[in-house]
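Only one chain comes next, encoded as structure tokens, the form predicted on its own.
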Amino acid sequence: MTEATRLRSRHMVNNVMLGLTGLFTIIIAGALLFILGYLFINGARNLDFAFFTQLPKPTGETGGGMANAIVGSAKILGMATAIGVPIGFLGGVYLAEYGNKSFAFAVRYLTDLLNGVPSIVIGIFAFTLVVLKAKHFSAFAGGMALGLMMIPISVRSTEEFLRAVPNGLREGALALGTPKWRALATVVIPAAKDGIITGIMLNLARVAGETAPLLFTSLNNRFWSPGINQPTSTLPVMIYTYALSPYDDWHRQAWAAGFVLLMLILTINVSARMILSRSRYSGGR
């Protein structure tokens, strides 16, 4: 085979592979745009002011909204963040700055295993640990379930962003006689703060749409749920309940709730990407 023939063969293979990668990229992007467009068409048109301000109507009546589910989702996500983020953050700091090689490896391995546990298993665990002991469903149980799901991602993202901080910053702070804990608190962590915040936001977006754990923990409620010790309505559970119902009006509201939930997750993701891009552009300052 001559050199010219080999060159033509390489060009042909390159063009074929380039065409295939472009084709599959278009397919993936097209599928995503189709899902977004379909949800936008069916969800946005069914949104109204009552959806955000009113409680669900009794079964058989049309109208109403999901104000209680919106508030319930915010409440449970807030508790999940308060439970999962501090534990994950401190765990990530330990792995990045203090953990010895063998113990850190074991913790990372277990963290990755926990991250792979199906969400329904987390829900059953929270049901056994909280709901059965309290003898009732509650927003706290839902927040705990989602908080457990947030821990492994918080650990790994915090560790990775702390490891990305140049060692020169650590060494400079320590050379001035600063204790290690103070160097971490005043130099290393602030240098990685944008990345850590991005990881937290993406983590929150990941659990915001979870349904299975909430079916075992917070369950549902068609009324307001004051406090954290009562069954609480959330958008994912309301979408699940309304989508399986035989009522057309409930189907309409399920599409609207799906659109609101998608916009929430999309907003969190875009904001996180913007924060990370700003951090990279500014050199982490």
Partner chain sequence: MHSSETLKVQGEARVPGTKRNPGARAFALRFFSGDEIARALVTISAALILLVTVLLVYELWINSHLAREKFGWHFLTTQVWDPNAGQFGALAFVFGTVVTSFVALLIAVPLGVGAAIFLSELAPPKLSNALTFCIELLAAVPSVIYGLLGVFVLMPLIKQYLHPVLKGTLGWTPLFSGPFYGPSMLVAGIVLAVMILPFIVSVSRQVLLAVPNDQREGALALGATKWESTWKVVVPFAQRGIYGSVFLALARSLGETMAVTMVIGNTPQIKASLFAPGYSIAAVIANEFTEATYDLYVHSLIELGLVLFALTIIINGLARLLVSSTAKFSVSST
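Bear in mind that the values here come from a model prediction, so they are computed numbers and not experimental data. Positions refer to the first chain, counted from 1.
Below, we refer to the form predicted together with its partner chain, which is not included among the displayed structures.
In the model of the complex, its partner chain sits within 4.5 Å of a heavy atom belonging to residue 209. Although the partner is absent from this view, residue 51 stays clear of its partner chain in the model of the complex, with no non-hydrogen atom inside 4.5 angstroms.
Although the partner is absent here, residue 195 sits far enough away that none of its heavy atoms falls within 4.5 Å of its partner chain in the model of the complex. Shown alone here, residue 140 lies farther than 4.5 Å from its partner chain in the model of the complex, counting heavy atoms only.
Only one of 38-46, 66-74, 51-59, 221-229 places residue heavy atoms within 4.5 angstroms of its partner chain in the model of the complex, namely 38-46. Checking 201, 191, 215, 150 against its partner chain in the model of the complex, a heavy atom within 4.5 Å turns up for just one residue: 215. Checked against its partner chain in the model of the complex, the candidates 164, 113, 134, 82 yield a single residue with a heavy atom inside 4.5 Å, and that residue is 113. Within 4.5 angstroms of its partner chain in the model of the complex, the stretch 249-266 places a non-hydrogen atom from each of 251, 254, 255, 258, 261, 262, 265, 266, taken in sequence order.
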